[in-house]
Every structure is written in C-alpha cells, then in structure tokens.
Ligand SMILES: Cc1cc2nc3c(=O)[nH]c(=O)nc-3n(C[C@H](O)[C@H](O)[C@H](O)COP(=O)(O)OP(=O)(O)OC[C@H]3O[C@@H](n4cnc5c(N)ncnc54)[C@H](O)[C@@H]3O)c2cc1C
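Shown here is one chain on its own, the form predicted on its own, set out as structure tokens.
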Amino acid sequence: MKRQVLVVGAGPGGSTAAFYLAKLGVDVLLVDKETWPRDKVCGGVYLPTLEPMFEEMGCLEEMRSYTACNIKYMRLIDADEDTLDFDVQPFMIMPRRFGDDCIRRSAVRAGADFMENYEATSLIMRKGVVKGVHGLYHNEPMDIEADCVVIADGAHSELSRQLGAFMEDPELVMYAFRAYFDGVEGMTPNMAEEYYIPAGMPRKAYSPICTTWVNPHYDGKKAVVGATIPEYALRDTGMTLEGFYEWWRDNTKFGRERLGHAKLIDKFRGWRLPGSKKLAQSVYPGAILIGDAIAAAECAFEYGIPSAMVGGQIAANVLKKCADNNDFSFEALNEYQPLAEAALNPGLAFNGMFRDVLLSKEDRMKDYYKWVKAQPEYPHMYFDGAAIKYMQNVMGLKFDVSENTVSQ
C-alpha cells in the first residue's frame, strides 16, 4: 500500500494532522494500534487555547456535551497545606476516550482514511530516508509506504527511537497515575486542586511540579485523582508511586478529607512522560515527529495535548506545500522546524522558567504565596498573569509575550 502521507497515532496530535491534511486535500491515512474509542491514562484536561481548533474541526459542542467539569478555578496547596486560589480561563475535563475520539472522528469526517488495530512496528528505511512503516494489521504483517510519515504515537514510540530522535532529559521525566473516585468530600465546585509534596513525609523530597491532584467530575462527589511526580523526587521518597499516594491520602489534612470516605470506581492506571523546555529536532528525512513522540509536553504541569495539536496543524500546512510541489525532501519537510519552534518554544520556555525559578525552592514558593495574597485583586487573579507579574516585578525576569521571548 502506498499513500501520500501516513500518520501513525490517532491521539490529538495525529488526528489534528490528519484533519488538516484531509481538509487541505492531501491524501492521508491515519493508523492506530488500538480499537477506538480507546481510553488514555491522563487527567483529561483540554485547555481553552485549543477551543478555536475544536470549533474549526466541528467537534467543540460535542466535546462540551461530554465534559465532566468546566474548571474555572485552581487551588495550589503547598508543603504545609497552605492554599492559594486563582481564577483560570475555563477549561474542559473529560475522560480521554470521549475527547480524543471527538477529534479523531473530525479527521474522518474531513476525509482522512482511518485504520485501527494497525500497530506500526518499525520504519521502512531506504538510504537513510523513511519510506513508510512495517506493521501488523490484526496481527497480520502489512507494510504501508508513504512520501512522508508523521510520527505521533506517543512517549513510548519505537519509531522515534529508531531514528534516534527521542532524547529525553532525565530531570524532566515524571511518573503518574490516575483513578476515579466517588464520595469525594470538601471540593469547591469547578475548582481543580494541585498539591505539592507534604512537609511531613518520612523521607525528605521536593518536587517542582504538583504531585497530587484532585479534579471534580460530574456531580461534585466524583473526582479524578492522580499523582504526578518527577522520577528523582519519587526516588528520594523511597516509595512506590502508589505508596506515595496512599501516604498523602492517610497523613494529610486534605487527603483525609477528600478521600477518607471515598470509593474507588476505577482502577489505578499509570504512565511515564518526559517533559521539555524547548522543542527538539523534529524532522528527519521522510518523517515529521509531533507531540509526545518528540517529548514536546511542557515541564511544569506536563500538559502535552496543546503541543501535539499545534504541531499537527503546522505539519499539515507544511505537507500541503510539499504535496503541491511534489517535493518531500528533507529540506522541504524541514520548513516545519522553525515554524513549530516559533509556535511552541515560548510556552515551553515559560513553563521551564516557571518550574526552575519559581517552583524549584520551597522558600520561593512561600514568598510567592505571600506576594499573591497581598495583591488587592486576590483571590480573583488569573493563574498565568499572576506568575508572569511576579517573575517580572519581583524577580526581575523578562517574559515578553508579544515578542515570544523569555529570559533571565
């Protein structure tokens, strides 16, 4: 089988690429190893910056109908269980089996061909150029050739590793799990809660990202609960990830209140995800890599869907030009790299700085809490705006949104 563009992985990034390719009239086949709709181990956050894209895809209203909760507020809880509340631009939370499938079906409606139960096992290489994939379709061998392969099959992509493209930073690798509970108590409607490592843990560890999170679902008593912790911080606790969560549940004020009488209604599901402070080289002869397949999740809160979808849209526009010119050379494909860096690096850099200079030390977090609470508009400050204002006015850092630059 030969196609113009083959997209491997039907998550948000791959399906976005397939949608825009089909919309632009490019021949595209989207493949995925799962049977759809499939679940995805994740907190299920779809940020508001993506809503114009969802609307263009024709799936925004359907996604809203599946939304378990519209988050309008965020609460940070530090090591001493002091709280800091923010307003946020409302965002949707829902199980990924609903949200991701809305995006995938948008690609199919636009004209992309879709093949599920196809596992791409390795790249077809000729003279150092990707020419397609070897794979299994319902466990039977099937090769698919293409002028370009968009690799969007996630953080465990063997295709990325075959190219030597997956260069993860061990400091930015995190482990996580999530599960659904009923009977969760004390939640504020439409508020997400994010907790940092408690001060009273048996072994001292510190994490610059929130390590436990509780997001309300549906009726105010259900919630998705998760743990997210850097690999080095988990090692410092001397615990397993589940053991860390159990300690938080049993030994913190909020853990006991939220989950003391809650009932697990799903099983714990875990994953491993590398984050990034800047986009790695994402173009190789015959291939473009997007999303988690090139470790493009930001490193402060580990959101990966925005980078994947923006990357998918940019890849489609570049590949449309390649198709029109019948030129899929590395030079033509590599037009993707500067466009993707311009779109993604400011956000990745901001989250990296937010993590490194604001969240990385407990005393700095304490200062930040005091500063925010002293502002006349508190508690009605927006989360991103407060962080930028603090870093600029208090820490003397430079973050210029209009110029897409961030520096110390």
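From 1 onward, residues are counted along the sequence shown. Note that the structure is a prediction, hence the values are computed from the model and not measured.
As for the form predicted together with this ligand, it is not shown, yet the points below apply to it.
Colleague: Tell me, yes or no, whether Glu34 is in contact with this ligand in the model of the complex, where a contact means a heavy atom of each within 4.5 Å.
Modeller: Yes - in the model of the complex, heavy atoms of Glu34 and this ligand come within 4.5 Å of each other.
Colleague: With the partner left out of view, is Gly154 within 4.5 angstroms of this ligand in the model of the complex by any non-hydrogen atom?
Modeller: Looking in the model of the complex, residue contacts with this ligand include Gly154, since a heavy atom lies within 4.5 Å.
Colleague: Does this ligand come within 4.5 Å of any heavy atom of Val45 in the model of the complex?
Modeller: Answer yes; at least one heavy atom of Val45 falls within 4.5 Å of this ligand in the model of the complex.
Colleague: Can you tell me if Arg364 lies within 4.5 angstroms of this ligand in the model of the complex, counting non-hydrogen atoms only?
Modeller: So Arg364 does not count as contacting this ligand.
Colleague: So this ligand isn't shown here. In the model of the complex, which residue out of Trp213, Phe244, Tyr284, Phe328 has a non-hydrogen atom within 4.5 Å of it?
Modeller: So the residue touching this ligand in the model of the complex, by this definition, is Trp213.
Colleague: Which listed residue (Ala176, Leu84, Val318, Val184) meets the criterion of a heavy atom within 4.5 Å of this ligand in the model of the complex?
Modeller: It is Ala176.
Colleague: Only one of these stretches, 318-326, 185-193, 249-257, 265-273, has heavy atoms within 4.5 Å of this ligand in the model of the complex; which one is it?
Modeller: Every other range fails; the passing one is 265-273.
Colleague: Would you give me the residues of 325-364 that have any heavy atom within 4.5 Å of this ligand in the model of the complex, in order from first to last?
Modeller: Contacts from 325-364: none.
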